[in-house]
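Encoded as structure tokens, the following chain is the form predicted alone, with no partner shown.
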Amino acid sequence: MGLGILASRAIRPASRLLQSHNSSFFLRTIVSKPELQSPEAAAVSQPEPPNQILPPRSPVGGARVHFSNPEDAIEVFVDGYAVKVPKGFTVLQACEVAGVDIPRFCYHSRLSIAGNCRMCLVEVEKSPKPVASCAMPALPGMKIKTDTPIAKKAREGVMEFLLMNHPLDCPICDQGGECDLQDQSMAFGSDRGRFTEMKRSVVDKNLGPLVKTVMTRCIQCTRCVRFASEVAGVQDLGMLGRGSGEEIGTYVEKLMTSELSGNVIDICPVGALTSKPFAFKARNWELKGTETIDVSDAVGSNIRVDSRGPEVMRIIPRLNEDINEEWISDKTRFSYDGLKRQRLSDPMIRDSDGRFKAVSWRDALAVVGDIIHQVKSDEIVGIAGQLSDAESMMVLKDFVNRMGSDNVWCEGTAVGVDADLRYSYLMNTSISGLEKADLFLLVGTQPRVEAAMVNARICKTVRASNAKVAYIGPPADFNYDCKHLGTGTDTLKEIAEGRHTFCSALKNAKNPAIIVGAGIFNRSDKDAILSAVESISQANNVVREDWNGLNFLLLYAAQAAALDLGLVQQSAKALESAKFVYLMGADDVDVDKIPKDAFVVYQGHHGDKAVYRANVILPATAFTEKEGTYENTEGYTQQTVPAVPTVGDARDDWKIVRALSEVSGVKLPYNSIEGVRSRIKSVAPNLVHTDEREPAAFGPSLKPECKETMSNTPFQPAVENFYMTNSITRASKIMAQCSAVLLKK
């Protein structure tokens, strides 16, 4: 019962007495909504609607319900609409299937149920009071009412309590315009509040250089706490205190050290956790969103690039259940400021005094075209960088081949890597398929720093099904229970020969998964290691008709497409004997191996390591400025979409090489990106089937037996610094702060 009703009833007798003495005096009570002053009476007074068949409504957000067993379907009634849902669905999920969007703050579909905000209250027939729909399981024949006066009054009361201590920060809050509290207070709140005391305040926490905290705005929904412990796998956040002293924080003064920490910004329903680099930069309605993909690792996370004019303002995740769900790594989210630092904007040629001077495209290409004809064909080398798209690698390969050389490869693919059988470099289980595994054997890979979203899948599987994880490699920090079997090839050899204690667990596993790191491709004994891994998979039923658990985790966005297109190094001495080296965004090449008298052309978008050895610089576009095809580590083909205009006089990679081929007298037979893709289709047809995953057609049975032996050299970490892996992240000021603060031992 509201305070206004109590006050009016208490004063009413006195008002009658006063009216008898002074007819000009009257008392009026102010109420917000008349029908909400007595919701019980309003509910009783409403007549029961006649039984009528209502047309079906579409589910919220186009959701689809999958019935694994049709006999498990139950029927419930939501506002008179009959819907069928699987057993185990909550009332809130049943309402969403019925097309009713229930307000919520603490509930999140990928986190455990907390039930502590009470915003999702609905009325259930024969229940004495409103129930929290997020925590109540749906039962057969249940009649749910979401739009009754009782439910409306309950939500209005909850909203009033939430706003009681919430500061009036909306004009200066970065969450403004995309805030759940704003939206739901408008839709379900009252037009006034009755709280007149002082609002409480909470001290802000320091979570590091990425997440800004204004904890006075916190409504204690605990989404961030559950995300940290359940998805990120770190116990950094928790709820401290009781009553009005309750607050979210770290148990001791420390930073949030997860590689997924930026996702708490997305799941926070208010402005308590916001992006520190994006603070006070823009409002969301000023930004243009472009749906594209990330290229900082081999996962290919789906992202949305928000830009204003020529500048990328922020990057946020995009839903893709098969790849990244709705999370992205901190490197993906916050390295965007590197896109505007140390950029190459004009073609440049090194003078005789060692200084670069800007020239026109015609002059730069003419110099390169003259030099390339002065060297022998087998002294020409082309190297594609880790951020290269499939179109540019195809054109580079055609150009180098037409010049009479086979020396063209991609970073990360060493001499003799087998590109003929796709199973030997793809994640054959698929990223989403890892959730079906009940045992993981990690060989020479650290997924937490090499592919954070793959690591999140493994962490999710371990939490959901208690899957076992074993690891062979250097000491590493995992965010789930992991048994460290050894650091070198001796342990792998023991497992292959069946002499290790871990062999019994492999034998008993129903769906074992082996994940091999791409770092072994650079070892001299890679063939022997792959042979040992394949013998383990054959002996333990890892590869069979209904399950393929043999996986390879690649490091770079360009690696899978490069291997599909055949960009593999043929000779170990090719670079040392080269006289003309074409580096297409290749910054991790050991430039000390390039001969002093070699002519080096650097084509790329950042002035990174390899620029200092270049004789000619050709500016190219970054992934946010071009349309390009990428294949991720599981063989899933996706395309980037231009979000911002190009910088200066930069051009797309494939266009530069195509123009150079014409200047060099070996004109390539295509003039458009469609022509390049037609050429790709003749080499690797899977690369033109966008948004599709092409699994490997053959398995280990076709590979000849290996006679080599494994060396005793222990496995080495493939990634030294998670925040500094490519030219964009190395140019990022935010990533430099993360390296300095979060990696401090």
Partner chain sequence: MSAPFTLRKIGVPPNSANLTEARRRVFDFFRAACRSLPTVMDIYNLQDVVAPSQLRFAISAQIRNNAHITDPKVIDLLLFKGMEELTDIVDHAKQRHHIIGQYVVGEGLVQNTGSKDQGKSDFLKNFYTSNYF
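Predicted model, so just to flag it, every value in this text is computed and none were measured. Positions refer to the first chain, counted from 1.
Missing here is the form predicted together with its partner chain; even so, the following discussion is about that form.
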- Message: Residue-level contact is defined here as any heavy atom of the residue lying within 4.5 Å of its partner chain in the model of the complex; does W654 satisfy this criterion?
- Response: yes
- Item | Heavy atom of R658 within 4.5 Å of its partner chain in the model of the complex | yes
- Query: Might M348 be said to contact its partner chain in the model of the complex, defining contact as any heavy atom within 4.5 Å?
  - Reply: no
- Query: Does N671 reach its partner chain in the model of the complex if we count a contact as any heavy atom within 4.5 Å?
  - Reply: yes
- Message: Only one of 238 to 246, 461 to 469, 582 to 590, 661 to 669 has heavy atoms within 4.5 Å of its partner chain in the model of the complex; I'd like to know which.
- Response: 661 to 669
- Picking from M136, L365, C179, L506, the single residue whose non-hydrogen atoms come within 4.5 angstroms of its partner chain in the model of the complex is L365
- Note on the structure: From G193, G416, P645, G289: within 4.5 Å of its partner chain in the model of the complex by heavy atoms is P645
- Query: For the stretch 462 to 487, which residues lie within 4.5 Å of its partner chain in the model of the complex by non-hydrogen atom distance?
  - Reply: none
